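What follows is one chain in structure tokens, specifically the form predicted on its own.
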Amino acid sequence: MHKARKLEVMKRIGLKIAIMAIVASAAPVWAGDDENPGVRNCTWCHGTSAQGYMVAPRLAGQRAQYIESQLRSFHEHTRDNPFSKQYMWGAVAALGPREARDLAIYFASLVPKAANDGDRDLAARGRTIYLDGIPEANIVSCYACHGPNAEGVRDIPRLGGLAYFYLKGRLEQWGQGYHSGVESPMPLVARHLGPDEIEALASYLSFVK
């Protein structure tokens, strides 16, 4: 996507999040109630079925513990990449622990769909990196933490099927030193990934169901 177009998309998303965050703060969140303002606050940008868009990750089928931990990280400002600061810090400012837990349970219960938007020619290379790591660069396999099918474990996120653009951006941001939580190992891992490895990994994972 052209850089100017990308910035315009993010500006529109930021405005929508700000508006819906105000609406969401007026009512409690109950898992399973997709008409609740708290749920609508999230689905406004992540999609009505929470499958995500290019710039906002899929929430459907994500690990509940991970969603809850990331909402806490947004609230505590430990998830510090630029998009988090600009959009999510304000969106969760009025969200309490109970509401965060309810949202996490609700979105984890939804059936996920693979984005299928990566480069298929790079998927095989990405699969090899995911399963075997890059021994010569001292990079361990991704499945050691995220599971053989990229399904995630407890508060370690599901990566399978997330959008190529989102995955690529997150890996690049981790490599630049941004964090997703206090003890996240990803900045250390991602700094050893080159552009080609990131492209391959993001492409492969976008096709995983």
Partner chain sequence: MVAARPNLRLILQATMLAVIFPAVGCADEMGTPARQGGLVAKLEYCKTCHGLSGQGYLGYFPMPRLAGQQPEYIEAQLRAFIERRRTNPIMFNVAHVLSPSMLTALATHFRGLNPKPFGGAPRGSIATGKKIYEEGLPEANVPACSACHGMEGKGHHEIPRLAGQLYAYTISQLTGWKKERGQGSAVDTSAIMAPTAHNLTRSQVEAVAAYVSQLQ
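As the structure is a computational prediction, the values presented were derived from the model and not from experiment. Numbering follows the first chain given and starts at 1.
One more form of this protein exists, namely the form predicted in complex with its partner chain; it is left out here, but the text below deals with it.
- Of the heavy atoms in G96, none are within 4.5 Å of its partner chain in the predicted bound form.
- Not displayed here, its partner chain is approached by I139 to within 4.5 Å at the level of heavy atoms in the predicted bound form.
- In the predicted bound form, its partner chain sits beyond 4.5 Å of every heavy atom of Y53.
- Its partner chain is not shown here, but in the predicted bound form it comes within 4.5 Å of a heavy atom of P135.
- Heavy atoms within 4.5 Å of its partner chain in the predicted bound form are found in one stretch of 65-73, 170-178, 143-151, 44-52, which is 143-151.
- Contacts between stretch 179-209 and its partner chain, counted in the predicted bound form as any heavy atom lying within 4.5 Å, involve P185, L188, V189, R191, H192, listed in sequence order.
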